[in-house]
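A lone chain, given as structure tokens: the form predicted on its own.
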Amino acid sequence: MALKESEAIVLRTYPLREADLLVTLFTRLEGKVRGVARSAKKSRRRFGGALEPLTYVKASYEDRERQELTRLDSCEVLESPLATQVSYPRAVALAHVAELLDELLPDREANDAVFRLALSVLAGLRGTEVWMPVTYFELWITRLMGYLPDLSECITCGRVLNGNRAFFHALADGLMCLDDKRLASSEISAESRTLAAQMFRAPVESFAGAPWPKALGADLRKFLIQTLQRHIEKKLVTAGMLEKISS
């Protein structure tokens, strides 16, 4: 098989035997690809720091006949999250993006829209601010995966929610009006719904620079995480880690 080259984002690495690494890449060419980096723990020339999670690389790899895992030949760093200081909140935010991509994306299915989203959000995570890029990524990945319901009407009665209170429940697929909300529902504010509408109309960089405390859009993030976890049928580890960050 011919050697393939593609832009890629490193999602995860796992030790495999004494010197090898099992690597999950989100490639622009073929979507999520899993492969083995032979002697990656020893070869600084071929890999160096290119296999750190969320590193944007140019990857060279080769599929092997009758084998599920590809052979990762080399990676050239294009952009590294380690180029700037990594605080704990930023480290958790980066891990959150990686976990969502790994859990949501099917193997070997190219998705250029998600790839471009990931790159733009990673650029937004170069600074100290985490809540805006995290909110933007969760919103858009939910939409691009086809899991985001209409936020403007009640899923039960169809009532228009703009200008009215809206609620969501961990076991429901959308928003509900006051009359149809379930027991133990949570409210999503009009401010957060407006924020979502604004994020659908503008790139992530247009929101940079403005103060963004954890409380801003917290109910929107809770709704999105519940939606995603319901569809993947498991808890997201990094969502719990983000929740514990104080500000």
Partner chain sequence: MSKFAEPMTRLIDELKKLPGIGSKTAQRLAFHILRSTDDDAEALAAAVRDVKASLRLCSICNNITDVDPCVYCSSPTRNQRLVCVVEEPTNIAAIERTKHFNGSYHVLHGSISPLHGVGPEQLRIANLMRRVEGGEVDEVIIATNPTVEGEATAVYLSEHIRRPGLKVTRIAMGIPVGSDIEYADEITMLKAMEGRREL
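All values derive from a computational prediction rather than experimental measurement. Residue numbers count along the first chain shown, from 1.
Although not depicted, the form predicted in complex with the partner chain is the subject of the following passage.
State yes only if every one of 11, 82 and 241 has a non-hydrogen atom within 4.5 Å of the partner chain in the predicted bound form; otherwise state no.
Verified in the predicted bound form; spot residues all in contact, yes.
Have a look at 173-181, 136-144, 84-92, 160-168 and name the one stretch with heavy atoms inside 4.5 Å of the partner chain in the predicted bound form.
Among the candidates, contact is made by 84-92.
Residue-level contact is defined here as any heavy atom of the residue lying within 4.5 Å of the partner chain in the predicted bound form; does residue 53 satisfy this criterion?
Result yes; residue 53 sits at the interface with the partner chain in the predicted bound form.
Using the partner position in the predicted bound form, report whether residue 99 sits within 4.5 Å of the partner chain, counting heavy atoms only.
Yes, residue 99 lies within 4.5 Å of the partner chain in the predicted bound form.
Does residue 237 reach the partner chain in the predicted bound form, with heavy atoms at most 4.5 Å apart?
Looking in the predicted bound form, residue contacts with the partner chain include residue 237, since a heavy atom lies within 4.5 Å.
Interface membership of residue 77, the partner chain in the predicted bound form, 4.5 Å heavy atom rule:
Residue 77 belongs to the contact set for the partner chain.
Please pick, from 49, 209, 213, 203, the one residue with any non-hydrogen atom lying within 4.5 angstroms of the partner chain in the predicted bound form.
Among 49, 209, 213, 203, a heavy atom within 4.5 Å of the partner chain in the predicted bound form occurs only for 49.
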